[in-house]
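Given next, in structure tokens, is a single chain: the form predicted alone.
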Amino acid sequence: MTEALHNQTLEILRDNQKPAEARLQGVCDLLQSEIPHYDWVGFYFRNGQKPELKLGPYAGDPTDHTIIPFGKGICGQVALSNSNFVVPDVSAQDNYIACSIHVKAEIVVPIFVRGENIGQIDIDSHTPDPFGPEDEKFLESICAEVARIL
């Protein structure tokens, strides 16, 4: 990831003139349009006290997966594990929820507020095995900044 893209992302998130949801949408739109292997970019957040995630802002094809129970799919597993999950080949995962036949790989990074996992950023890619350590570092820094505005 380039320094310029990282700075653009921070600029969007730090724009206090806009509500948090609009800033998150801006991040989704930016990442999906600027990073070729980020075909779907979205945020999922804990749905109140329920053991499930609810879809927040996203960019990419519409999805039927607006609610994901904890433990189901990659996002649901991250809600329980509190750890990043990089999936180079989604077809090799038993507990994968297919959002599109085009998705080949996925990365999910949790968002922590005061030590609690309150959500995550989810990226789907139509490219096999596109995510490296630089993607993880970049997304971790975005999640840390998102935590500051929530």
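Predicted model only: the values in this text are computed from it and were never measured. In this text, residue numbers run from 1 along the sequence as written.
The form predicted in complex with a small molecule exists for this protein as well; it is not shown, and the discussion that follows is about that form.
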Query - The single option of 35, 118, 97, 86 touching the small molecule in the model of the complex, heavy atom within 4.5 Å - result: 97
Query raised in the report: Within 4.5 Å of the small molecule in the model of the complex, do 39, 59 and 131 each have at least one heavy atom?
Result: no
Query raised in the report: At the 4.5 Å heavy atom threshold, is residue 75 in contact with the small molecule in the model of the complex?
Result: yes
Report task. Determine whether any heavy atom of residue 68 comes within 4.5 Å of a heavy atom of the small molecule in the model of the complex, and answer yes or no. Result -> yes
Requested in this report: Check whether residue 63 has any heavy atom within 4.5 Å of a heavy atom of the small molecule in the model of the complex, and answer yes or no.
Outcome: yes
